[in-house]
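One chain comes next, on its own, written as structure tokens: the form predicted alone.
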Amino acid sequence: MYDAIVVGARCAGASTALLLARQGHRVLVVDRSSFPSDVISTHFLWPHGMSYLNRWGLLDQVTAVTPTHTSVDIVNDGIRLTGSVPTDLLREHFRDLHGDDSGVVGNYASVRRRVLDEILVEAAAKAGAEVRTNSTVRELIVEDGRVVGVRGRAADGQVFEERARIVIGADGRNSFVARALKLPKYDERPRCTFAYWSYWSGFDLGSGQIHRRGRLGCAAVPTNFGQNMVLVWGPSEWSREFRADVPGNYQRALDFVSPELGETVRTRGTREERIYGTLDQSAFLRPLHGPGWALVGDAESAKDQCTAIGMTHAFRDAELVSAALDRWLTGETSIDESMAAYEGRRRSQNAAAYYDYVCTFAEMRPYRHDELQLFVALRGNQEETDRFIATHADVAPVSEFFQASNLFLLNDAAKESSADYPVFDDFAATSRMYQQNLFA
């Protein structure tokens, strides 16, 4: 009899198993994959994601093989902002969520999943969790309306049955646990992006870059093995035309969104792997918990890749749910009280506002004139630029930065003129051009 069975051993699952095992609980974590291995992912960690690794004593293992940086360039229609997530906002974020701000660091990284997930799985095993890879959970055991265990097939083909006080679904947006429980999706947002990416050697861009122009975006960030992850994305309704010529349209998107990055990739880059892609990024929420079960990570809240927040949120969920379950498993609170506390943090007003922010961003509508003017106003105001980046990364509350009074003050204090940027020259004509499918 285990205290917890975790289904899924990647970012959310291995982290949850690691933390519960360190708290002294008997944990089984099961995954159908073997490690190391890759999975579809933007594999980016914002500073709060890196801070979780530091809190858990794993950051040095990651940074030993992964380049890190503290600043990021965000370029919207040629308007460049360079900044970082302020340490004071990070500390406040951790105190609000977890009650302490230990281990906070200000750097970010792009970590391949074949690197990161293996580190997490090995740490979970070292902490005392039993890890079964190449094993598939095929059934939840339900008795008197409560989940009490799992049945599945191990790597050697043997059927297994295991029981636990709680089963945790950490098995992604297509979660078996959620499907087996017939859990509904709600607040669904079907409008999303398509995304294609690959890995390039031959150039060093320094820190990460995120670009937007019209309805398309691209990003480039250093990752493992001396390579750069270069990503392009756009509205899902353009995906069919994009897929007609993936290599050609991948380069075409780069050239359109950031001619400089497109030129670098074309003339200096060597593509080291195939071009990967994903189309199904519609957002949704699921119930967080019920009798004998709980969900973490994308299993309970799937969002578009456009803010690259998934792994960081998986770590957040792991720390929240493990803390809540520890209070129950040690007899400090009832299971209902523990899960209510978990849900209170995961379904807060700030969490709802950020979910809406990501879903709106994922529609990839061209920026309005006033939105672009805001980016111009941020130039020369480093404190507010950093706060904008913190808001984009779900460190600072969306409602605070985008409240009308703050936007008024920012525009009133602007040090640059929009006349300095070509996008404003004939904005109406540019806006009409942006609506045309580049790949049609």
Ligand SMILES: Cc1cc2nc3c(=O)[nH]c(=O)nc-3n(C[C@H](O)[C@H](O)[C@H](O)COP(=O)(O)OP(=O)(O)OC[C@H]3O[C@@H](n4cnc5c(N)ncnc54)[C@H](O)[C@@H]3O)c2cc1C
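Residue numbers run from 1 along the displayed sequence. Fair warning: this is a prediction, and the values are worked out from it, not measured in the lab.
If you look for the form predicted together with the named molecule, you will not find it shown, but the lines that follow are about it.
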property: Heavy atom contact within 4.5 Å of the named molecule in the model of the complex, the stretch among 133-141, 247-255, 347-355, 199-207; result: 133-141
property: Listed residue that, although the named molecule is not shown, lies within 4.5 Å of it in the model of the complex (heavy atoms), from Y367, Y342, F94, F176; result: F176
property: In the model of the complex, the one of V115, L89, I74, I309 near the named molecule [non-hydrogen atom within 4.5 angstroms]; result: I309
property: The named molecule contact at V85 in the model of the complex, heavy atom, 4.5 Å; result: no
property: A170, heavy atom within 4.5 angstroms of the named molecule in the model of the complex; result: yes
property: Partner contact for T278 in the model of the complex: the named molecule, 4.5 angstroms, heavy atom; result: yes
property: Distance check, H43 to the named molecule in the model of the complex, heavy atom within 4.5 Å; result: yes
property: Residues in 2-24 close to the named molecule in the model of the complex, defined by a heavy atom within 4.5 Å, in order; result: V7, G8, A9, R10, C11, A12, G13
